[in-house]
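Just the one chain here, laid out as structure tokens, in the form predicted on its own.
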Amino acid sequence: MPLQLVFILEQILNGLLVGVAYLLIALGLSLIFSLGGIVNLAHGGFYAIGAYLAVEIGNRFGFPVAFVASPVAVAFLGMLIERVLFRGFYRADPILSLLMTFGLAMVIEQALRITFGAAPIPFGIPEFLRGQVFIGDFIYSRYRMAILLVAIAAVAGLWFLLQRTAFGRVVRAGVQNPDMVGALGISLSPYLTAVAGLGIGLAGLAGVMMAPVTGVHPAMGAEILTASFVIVVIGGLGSFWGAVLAALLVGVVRGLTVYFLPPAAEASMYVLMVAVLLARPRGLFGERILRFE
């Protein structure tokens, strides 16, 4: 394999690594907004909480325990937040939920700063995932490869839950026509709680996976949130596969830009977003959600 092609492939995989982290957060954002109508500006904060919990649990019980326990703990925290805070804003003016979640994001960031300090906390790659994967002339980090595989499994599991289970059918019906779901005698309240836990748990999972790659610091949630919204916008609100395709596009574009034009790497996703919106204002596969129109 030509050396230049090896380098390009490595940068594309690095771009996809960032893209799948954005994707896990974007899917949670999209789920919570589609069913509850709340734009969760605190979603990045839960990503940061997941990373900090991974550090604390990992230092005491090892990375495998942290990998499972941290997203689960964040999911339960998300369900609690939904019951205590989100529930009062489902039928309120959307600007109120924006202000509420923005305030929650600030509270989370400052709470992390007070508890753990402002300095970044290192979190090493677990011993059993260190090293490289060799495929011919291609060499890639074993841990980064594991992240990609876990993200694929998480996305596949979420798709199965939403498309092939009774829970998913109720959620999809609630997104399109909640009044009809209520007329059938089905309360959306427990589904809203479950969706909040699921979406916020995905953010926690992304935090666990990316902690050894990016480091852990209080502002890490704010840094990744904007990019995750870009994924939602490009893919189209309410579209599962739109978000997946958007994450893949952002990853590939970012990887190629890093290789050919490094100074523009961060701006590449925003240029892509503008190009997509000019052609398709609803995003690539944006769905029409009746109660928001």
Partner chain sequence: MQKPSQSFTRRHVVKALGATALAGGIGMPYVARGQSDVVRFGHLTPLTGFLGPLGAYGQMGVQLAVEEINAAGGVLGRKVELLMEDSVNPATASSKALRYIERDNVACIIGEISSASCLAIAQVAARHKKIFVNTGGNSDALRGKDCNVYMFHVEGANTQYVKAVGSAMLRDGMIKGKKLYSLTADYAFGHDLSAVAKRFVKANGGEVAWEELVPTDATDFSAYFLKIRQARPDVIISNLAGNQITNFIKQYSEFGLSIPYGGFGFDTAVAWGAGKGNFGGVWPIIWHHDLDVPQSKAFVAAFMKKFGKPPENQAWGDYVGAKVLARAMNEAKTTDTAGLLAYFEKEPKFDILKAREGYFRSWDHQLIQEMYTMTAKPLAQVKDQWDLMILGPAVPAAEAPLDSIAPTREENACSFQT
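Numbering follows the first chain given and starts at 1. In this text, the rigid core denotes the largest set of C-alpha atoms whose superposition between the two forms falls within 1.5 Å. What you see is a predicted model, and the numbers here were worked out from it, not measured in a lab.
Quick note: we don't show the form predicted in complex with the partner chain, though the next part is all about it.
K.L.:
Give a yes or no on whether each residue among G62, F67 and G185 has a heavy atom within 4.5 Å of the partner chain in the predicted complex.
P.N.:
No, none of G62, F67 and G185 comes within 4.5 Å of the partner chain in the predicted complex.
K.L.:
Spell out, yes or no, whether the shortest heavy atom distance between Q132 and the partner chain in the predicted complex is within 4.5 Å.
P.N.:
Contact with the partner chain, yes.
K.L.:
Tell me, yes or no, whether G201 is in contact with the partner chain in the predicted complex, where a contact means a heavy atom of each within 4.5 Å.
P.N.:
Looking in the predicted complex, residue contacts with the partner chain do not include G201, since no heavy atom lies within 4.5 Å.
K.L.:
Is the gap between Y191 and the partner chain in the predicted complex 4.5 Å or less for some heavy atom pair?
P.N.:
Outside the cut-off, so no.
K.L.:
Please check if F128 has a heavy atom lying within 4.5 Å of any heavy atom of the partner chain in the predicted complex.
P.N.:
Answer no; every heavy atom of F128 is more than 4.5 Å from the partner chain in the predicted complex.
K.L.:
I need the one stretch from 148-156, 95-103, 78-86, 165-173 whose residues put non-hydrogen atoms within 4.5 angstroms of the partner chain in the predicted complex.
P.N.:
Comparing against the partner chain in the predicted complex, the contact stretch is 95-103.
K.L.:
Of the residues M180, A111, I139, L161, which one places a heavy atom within 4.5 Å of the partner chain in the predicted complex?
P.N.:
Of M180, A111, I139, L161, the residue with a heavy atom within 4.5 Å of the partner chain in the predicted complex is I139.
K.L.:
Heavy atom within 4.5 Å of the partner chain in the predicted complex: which of I57, V258, L248, V230?
P.N.:
Here the answer is residue option V258.
K.L.:
Where, within 229-263, is there a heavy atom within 4.5 Å of the partner chain in the predicted complex? Residue list please.
P.N.:
Counting only heavy atoms within 4.5 Å of the partner chain in the predicted complex, the contacting residues of 229-263 are L237, R254, G255, V258, Y259, P262, P263.
K.L.:
Taking the rigid core as the superposition reference, indicate whether the CA of L13 shifts 2 angstroms or more between the shown form and the other one.
P.N.:
Yes, shifts by 2 Å or more.
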